[in-house]
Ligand SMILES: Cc1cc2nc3c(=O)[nH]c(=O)nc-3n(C[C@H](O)[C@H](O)[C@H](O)COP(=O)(O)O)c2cc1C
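Below, in structure tokens: the form predicted alone, a single chain.
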């Protein structure tokens, strides 16, 4: 019996953020249990990217475990890597509640969390006791009150604390919920940001640690092409695509009208799938194999992940589908990927 499926109607009666907090409260107690299962990943799913070896291409996207509090649980559920954050250099509460909305009928989530973060110092201290055998990435952002012109200093401050205790770092310049953040994707802003971060990476002796850039799905095709050239020229390690979207057009009526009543925020989940894939394909075409790309956005089935990897993505990240489908999702996806690989060979 699918226990999560049986409990989901009850869970979904709670306000989404209350349900999230309750789940994390329970998760923290599970993480204290010394006998969490050790996942066994099929050898066929192993991947290498950015100089790291991943036991499976399936990872947890940034945004769910902002403070690196449930790493043992994510490992037990079968994730090959976890991207914690977004972490800001200084603590901040994020946007006022309500700021998280679920639409189960469409597998859709709207959030305007606004980088609620305990701050890099607290998260870095917690990461010092991270579980072995799990690749952990640190997703970094700027504080809300920091002007765009001073964003680099925020990213550098967070990097100094987080980078030494993670396996890779991702720069989040694409959340729609921090005013002005997406302006950092413009080439004239992106060039000095990447140069400043790479300088710091050298200064700290972390030249071999991957530095990634997470992009929005709402950029024009020509802007995506320009960003690729900036990223390649700068010498970063890869891209993550995509973040959430502001495009309400991905939601079919009559649900779109209901979504619009909830106000601002980024959309994720099943309705984002086609838009995110279109953006990834454009990026992969422009990259021509020069940098790896991590697929994110609307991936909810083994078939979705297979398609992303077949398009040329190196890895895949899951978030919204986990909320709607529950903790057995990663195991089902791995079984599906292995079955599809076997059919391909025959």
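All of these numbers come straight from a predicted model, not from anything done at the bench. Residue numbers count along the first chain shown, from 1.
Below, we turn to the form predicted together with the named molecule, even though it does not appear here.
Answer with one of 151, 250, 113, 163: the residue that has a non-hydrogen atom within 4.5 Å of the named molecule in the model of the complex. Of the candidates 151, 250, 113, 163, 113 is the one lying within 4.5 Å of the named molecule in the model of the complex.
Please check if residue 100 has a heavy atom lying within 4.5 Å of any heavy atom of the named molecule in the model of the complex. Contact check for residue 100: yes, within 4.5 Å of the named molecule in the model of the complex.
Answer for residue 54 alone: is it within 4.5 Å of the named molecule in the model of the complex, judged on heavy atom distances? Output for residue 54 is no: heavy atoms all beyond 4.5 Å of the named molecule.
So, residue 272 and the named molecule: in the model of the complex, are they within 4.5 Å at any heavy atom pair? Yes, residue 272 is a contact residue.
Please determine whether residue 214 contacts the named molecule in the model of the complex, using a 4.5 Å cut-off between heavy atoms. Contact with the named molecule, yes.
Name the stretch, out of 27-35, 45-53, 281-289, 296-304, where some heavy atom lies within 4.5 Å of the named molecule in the model of the complex. Partner-contacting stretch among the options: 296-304.
Using heavy atoms only and a 4.5 Å cut-off, decide whether all three of 89, 146 and 178 touch the named molecule in the model of the complex. No, none of the three is in contact.
In sequence order, which positions of 43-58 have a non-hydrogen atom within 4.5 Å of the named molecule in the model of the complex? Stretch hits: zero.
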